[in-house]
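Have a look below at one chain only, the form predicted on its own, in structure tokens format.
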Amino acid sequence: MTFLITAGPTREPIDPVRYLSNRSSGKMGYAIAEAALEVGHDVILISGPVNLAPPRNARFISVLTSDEMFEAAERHANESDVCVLCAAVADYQPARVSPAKIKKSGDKISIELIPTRDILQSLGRRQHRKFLLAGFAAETNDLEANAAKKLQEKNCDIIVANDARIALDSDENEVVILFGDGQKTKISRAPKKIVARELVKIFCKFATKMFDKKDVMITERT
């Protein structure tokens, strides 16, 4: 199988020297990429700026902004059997980027923010898509309720929910996995490399089941 994986944060420029971003390290996405490569899958890794070396043998695409990540994911999704959107993409970006550094003064300033383009929702709305779509939900409260809402609204197959307070700046993670067919499973707190190996097994099993079901439907029609 071919995995498309997004990882890390994005940076949304305010001026030539400042940007909006978040604390994502990219470790979970990179661990999933490594785990997929370990068992012989091909990997397209679309990464925001992180302090991690790209996995060997992955097809690596470096991006900075949410727009760049959106365009890369849109461009390569159809090459993939499994799309895992693990990146912490900024939800908002400045409406206008100053061409020059904004100087400090004694006055207050305000920055108008507009929503960024939603990669998970865009891929989820594709008609006749042939890839498994898995998203991540990093939450600080109402973990399962928020994840279930995201699963439905984004029209994806799987949502991996984690507590941001555990996952950020950490080598460990603990996740709850919600499936589009109503199933749910949990991976207890463990190093991200171990969590990643279990996730890859789950993604592959679910994708195989999904592809087999589509093949049966096609056969029945013909």
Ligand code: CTP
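All residue numbers refer to positions in the sequence shown, first residue = 1. All figures in this text were calculated on a predicted structure; none of them were measured in a lab.
Keep in mind that the form predicted together with the named molecule is not shown, yet the notes after this line are about it.
I need the one stretch from 106-114, 133-141, 74-82, 93-101 whose residues put non-hydrogen atoms within 4.5 angstroms of the named molecule in the model of the complex.
Of the stretches listed, the one contacting the partner is 133-141.
Heavy atom of K154 within 4.5 Å of the named molecule in the model of the complex
Heavy-atom contact with the named molecule at 4.5 Å: present for K154.
Full three-residue contact with the named molecule in the model of the complex, heavy atom 4.5 Å, for C86, V89 and L120
So, yes: the whole triplet contacts the named molecule.
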